[in-house]
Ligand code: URA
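Presented as structure tokens, the chain that follows is alone, the form predicted on its own.
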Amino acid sequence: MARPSEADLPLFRQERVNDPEAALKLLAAEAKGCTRCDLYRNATQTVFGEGPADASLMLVGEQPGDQEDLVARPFVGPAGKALDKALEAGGIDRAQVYVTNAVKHFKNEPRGKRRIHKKPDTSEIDICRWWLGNELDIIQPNVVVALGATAARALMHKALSINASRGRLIALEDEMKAVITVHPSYLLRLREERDKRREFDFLVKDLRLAADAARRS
């Protein structure tokens, strides 16, 4: 099959090299109408990533939650507040980091007035990888942090043990590196304060590892 000419490529791919910021805006605009899987049916809207188009550090979560779905911004709910606290403790400016999710729609089960979070399945993660792959292609961060198992699968194309994989840099394509750690929502589910403090410190340590590596690259 002949390789498509530059003019035949989507506009965001044409803009990718010359103007990454414009390319990212075009990609986000295209994602607003995404119906690649059925998750859009119960979601309010697509929740795309946000942050600098030239960010050296990129964070990838699982999917938007209820609050993210309503305001169309990633990590603004309880897990987002936990992430902000960990970033601050690690000396990392969120404004300099690109933050997104492996899955762009909120998967949920309506129960009366509530919407119950449901974990994305393998097919939904794989289908939505098209958007994440293009975000990576445009931004080309030095280091990508996978926050939780869903993000790790999306980046590594396979299931991984978080505890066995965290605390080190993992090679990805295009000279990028990955750091795998827990999703901030994990901290919220812990009941004992000492467990919360311990896991928070581990998360901060992983984020510092990623940020330091991103600066050195």
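Predicted, not measured: the structure shown is a model, and the values here were computed from it. Note that residue numbering begins at 1 and tracks the sequence as displayed.
What follows is about the form predicted in complex with the ligand, which we do not show.
*Asks:* So which stretch, 24-32, 60-68, 163-171, 37-45, is the one near the ligand in the model of the complex (non-hydrogen atoms, 4.5 Å)?
*Replies:* Of the options, only 60-68 has residues within 4.5 Å of the partner.
*Asks:* For this chain shown on its own, do 90, 208 and 214 all sit within 4.5 Å of the ligand in the model of the complex, going by heavy atoms?
*Replies:* Not one of the three qualifies.
*Asks:* Mark residue 74 yes when one of its heavy atoms lies within 4.5 Å of a heavy atom of the ligand in the model of the complex, and no otherwise.
*Replies:* Residue 74: contacts the ligand in the model of the complex.
*Asks:* Just checking whether residue 138 would be counted as a contact of the ligand in the model of the complex - the rule being heavy atoms within 4.5 angstroms.
*Replies:* Heavy-atom contact with the ligand at 4.5 Å: absent for residue 138.
*Asks:* Since only the chain is shown here, I'm wondering whether residue 79 would be in contact with the ligand in the model of the complex (any heavy atom pair within 4.5 Å).
*Replies:* Taking the distances in the model of the complex, the answer for residue 79 is yes, it comes within 4.5 Å of the ligand.
*Asks:* Considering only 165-188, what residues come within 4.5 Å of the ligand in the model of the complex, judged by heavy atoms?
*Replies:* The stretch touches the partner through 183 alone.
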